[in-house]
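Presented as structure tokens, the chain that follows is alone, the form predicted on its own.
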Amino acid sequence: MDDNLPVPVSILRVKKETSLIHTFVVDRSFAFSPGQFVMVWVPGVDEIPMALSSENTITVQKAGDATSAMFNLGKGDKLGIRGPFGNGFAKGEKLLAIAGGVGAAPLLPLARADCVMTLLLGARTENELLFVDQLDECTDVLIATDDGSLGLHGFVTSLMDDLNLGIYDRIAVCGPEMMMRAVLARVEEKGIAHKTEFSLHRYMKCGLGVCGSCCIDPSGLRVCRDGPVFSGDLLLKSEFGHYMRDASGRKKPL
């Protein structure tokens, strides 16, 4: 398969996870490492990066033109997929995963690979929690909701307070960037940023490391080639948690 060209796939089924998050099951499987991404082409609209939630599924949050167009698609409709690209999460015997919202998507295959000892799962409300039943089958899940409708009443980062973070070999994190920045601050305090990994989401044009649209300040590391998963110690003095850039390259405050 030529990763530089979109592979046409047909949608077999669309599963409504929440009002704003759907999982698209396609008719082709992709070999990947948990945390890698694919470029998804929505014909006539745009091509955008998305995480694989399994070898033949992408889990999508409605947030822009391309994802809104996808929400109008159904069985038999076509997409184009390039990839997978980038690096995934490192595996360890004792791994802690921390997921917020749709950030549970790239962490689900990591949990299914029997790599996750504990998973902290957060969302604004119970109805927005992803993959609870599936995750419960393969790891110890602790839940937090902003409104207290299920689990701890508070942010997912609050679940870290009762854990001995030192017992984990690695910590894998994916979710809203402000949530991940809060996790980074906590692991920095404990001196373990180097064994914590964060999955970044940035605007991408090529996905190949050529255009530079996804470079992060001040290092110039490319999210598509050097990421999307980065060690926490590389992000401590970066733009992470402060701003990102839009399609024109302008800084976009978080």
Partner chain sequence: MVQLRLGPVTVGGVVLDNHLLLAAGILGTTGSSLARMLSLGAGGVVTKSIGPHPKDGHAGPCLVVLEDGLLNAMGLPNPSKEFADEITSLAKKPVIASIFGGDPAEFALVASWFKDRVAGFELNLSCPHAEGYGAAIGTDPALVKSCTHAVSVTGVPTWVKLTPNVTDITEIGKAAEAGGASALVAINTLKAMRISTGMRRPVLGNRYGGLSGSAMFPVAVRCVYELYESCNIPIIGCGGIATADNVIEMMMAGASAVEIGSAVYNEVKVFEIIKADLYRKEGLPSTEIIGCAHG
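Residue numbers count along the first chain shown, from 1. What you are looking at is a predicted structure, and each value in this text was computed from that prediction instead of being measured.
This next part talks about the form predicted together with its partner chain, which is not shown.
For the three marked residues, L5, P8 and R250, a heavy atom of each sits within 4.5 Å of its partner chain in the predicted bound form.
By the criterion of a heavy atom within 4.5 Å, V210 is counted among the residues contacting its partner chain in the predicted bound form.
In the predicted bound form, F32 stays away from its partner chain, with no heavy atom inside 4.5 Å. Proximity of L200 to its partner chain in the predicted bound form: non-hydrogen atoms within 4.5 Å are absent; the residue sits far from the partner.
In the predicted bound form, its partner chain stays beyond 4.5 Å of every heavy atom belonging to R28. Comment: 78 to 86 is the region of 154 to 162, 105 to 113, 78 to 86, 133 to 141 lying near its partner chain in the predicted bound form, near meaning a non-hydrogen atom within 4.5 Å. Of the residues given (K205, K62, R186, H194), K205 alone sits with a heavy atom within 4.5 Å of its partner chain in the predicted bound form. Contacts with its partner chain in the predicted bound form, taken as any heavy atom within 4.5 Å, map within 43 to 78 to P43, G44, V45, D46, E47, K78.
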